[in-house]
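The data below hold one chain only, encoded as structure tokens and taken in the form predicted alone.
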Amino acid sequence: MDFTFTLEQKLLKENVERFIANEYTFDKRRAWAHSELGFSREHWTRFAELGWLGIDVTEEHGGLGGSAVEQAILMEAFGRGLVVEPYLTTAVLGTALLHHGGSIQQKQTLLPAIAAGESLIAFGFAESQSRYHLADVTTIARKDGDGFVLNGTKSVVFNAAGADTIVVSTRTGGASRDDHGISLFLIERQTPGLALREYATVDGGRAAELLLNDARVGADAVLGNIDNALPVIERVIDAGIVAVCAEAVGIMAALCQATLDYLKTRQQFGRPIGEFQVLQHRMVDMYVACELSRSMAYMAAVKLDDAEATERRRAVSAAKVQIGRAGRFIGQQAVQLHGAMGMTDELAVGHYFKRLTMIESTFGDADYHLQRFANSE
């Protein structure tokens, strides 16, 4: 398969890498992560102006009509900068939810707002007991007159506090873990009966527990078909996996470069420690793991829109397994080769490793996806 970028993709790669190098320093990123919002609204507006928020939005809805490959290029560069803006939740998951499940009216209303940076989306699909099982849903949506009443709790809803709209998976029929009987609803952030318990995540991001207590929504809040939302959720989560895999590649590349630079400058016994063969071998292993991960991530991006669901799932799971294992290996090597400095909060290395650790457990860890890959044969 030819992974050569087109001219437009090369220009996108150059532009976003230039932006990250010039405007997304580690100190600025730390300040934004600790701000009240958790990210920079100014940068979010810039993302919209540059067209990045509309990469996966069709041209008729104000976007660029791009593909998962363009999103992967963007996410890889975002990984290098440890970008804290909620691109994953809004421009990847939110856009995919609307593409695969939204009505014509919902698409016309929300997709242009996403592309323009005017609307932020969060996706509540996980619950405390569900782990990685997408069909394990106990949050209930009960029909009530012309609308629905929602009760339950969704866990680890990324960037929920800053979102204007939250999409939640609920059970409208069947028993817990049944594939049938799951429905999606759009809930406005200020809806009565909706409460959030926000907290910081280990990687510098934000998440929240979402509490629904008789939250009432209208019939127009249904996203997709009642009782049959699981296929949509699976496709959306696969899109999220491809995005975080590409982000992880950017992080691993940054760790490799930072470690190589350190080995070239750190002196021991009168010469740079990078001249010691055993450390050179470790750098080579890190580089090989990173390049293999890049190939797997872009293969998954190419396969994301495959009409054959089995092929899509296998490619996505294979990439997640490789990313999980390579991320842990490269992160550990980077910390160790930096010596005691690798453990300090002031150095970016530890923060990169924390983000890799979070990516490993997001949307299913390596063990889960290895089993999913095996079951898809």
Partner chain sequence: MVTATAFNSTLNQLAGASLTMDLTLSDKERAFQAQVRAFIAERLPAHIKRKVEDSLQLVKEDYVSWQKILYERGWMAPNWPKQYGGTGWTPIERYLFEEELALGSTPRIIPFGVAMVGPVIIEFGSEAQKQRFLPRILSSEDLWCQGYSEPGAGSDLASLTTRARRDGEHYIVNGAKTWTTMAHYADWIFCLVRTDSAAKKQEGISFLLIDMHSPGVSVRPIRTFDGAEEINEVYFDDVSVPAENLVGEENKGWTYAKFLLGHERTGIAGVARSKKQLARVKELAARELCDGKPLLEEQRFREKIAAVEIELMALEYTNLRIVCAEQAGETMAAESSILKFRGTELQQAITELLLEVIGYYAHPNVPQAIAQGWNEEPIGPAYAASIAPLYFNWRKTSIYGGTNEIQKNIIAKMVLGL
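In this text, all values refer to a predicted model and were calculated from it rather than measured experimentally. Residue numbers count along the first chain shown, from 1.
Not pictured, yet referred to below: the form predicted together with the partner chain.
Chemist: Quick one: find which of 325-333, 37-45, 52-60, 311-319 has residues within 4.5 Å of the partner chain in the model of the complex by heavy atom distance.
Modeler: That would be stretch 325-333.
Chemist: Tyr87 versus the partner chain, in the model of the complex: is there a non-hydrogen atom within 4.5 Å?
Modeler: Answer no; every heavy atom of Tyr87 is more than 4.5 Å from the partner chain in the model of the complex.
Chemist: With heavy atoms only and a cut-off of 4.5 Å, decide whether Ile20 touches the partner chain in the model of the complex.
Modeler: It does not: once the partner chain is placed as it appears in the model of the complex, Ile20 has no heavy atom within 4.5 Å of it.
Chemist: Please run the contact check for Met341 against the partner chain in the model of the complex: heavy atoms, 4.5 angstroms, yes or no?
Modeler: Result yes; Met341 sits at the interface with the partner chain in the model of the complex.
Chemist: Examine Lys13 and determine whether its closest non-hydrogen atom to the partner chain in the model of the complex is within 4.5 angstroms.
Modeler: Answer no; every heavy atom of Lys13 is more than 4.5 Å from the partner chain in the model of the complex.
Chemist: Using a 4.5 Å heavy atom cut-off, are Ala77, His281 and Tyr287 all in contact with the partner chain in the model of the complex?
Modeler: Zero of three within 4.5 Å in the model of the complex.
Chemist: To verify the annotation, which of these, Gln257, Asn225, Gln129, Gln105, has a non-hydrogen atom within 4.5 Å of the partner chain in the model of the complex?
Modeler: Exactly one listed residue reaches within 4.5 Å, namely Gln129.
Chemist: Quick one: of Phe185, Tyr298, Phe148, Phe158, which gets a non-hydrogen atom within 4.5 angstroms of the partner chain in the model of the complex?
Modeler: The residue in contact is Phe158.
Chemist: Enumerate the residues of 175-202 that have a non-hydrogen atom within 4.5 Å of the partner chain in the model of the complex, in sequence order, or give none.
Modeler: Arg177, Arg197, Tyr199, Ala200, Thr201, Val202, in sequence order.
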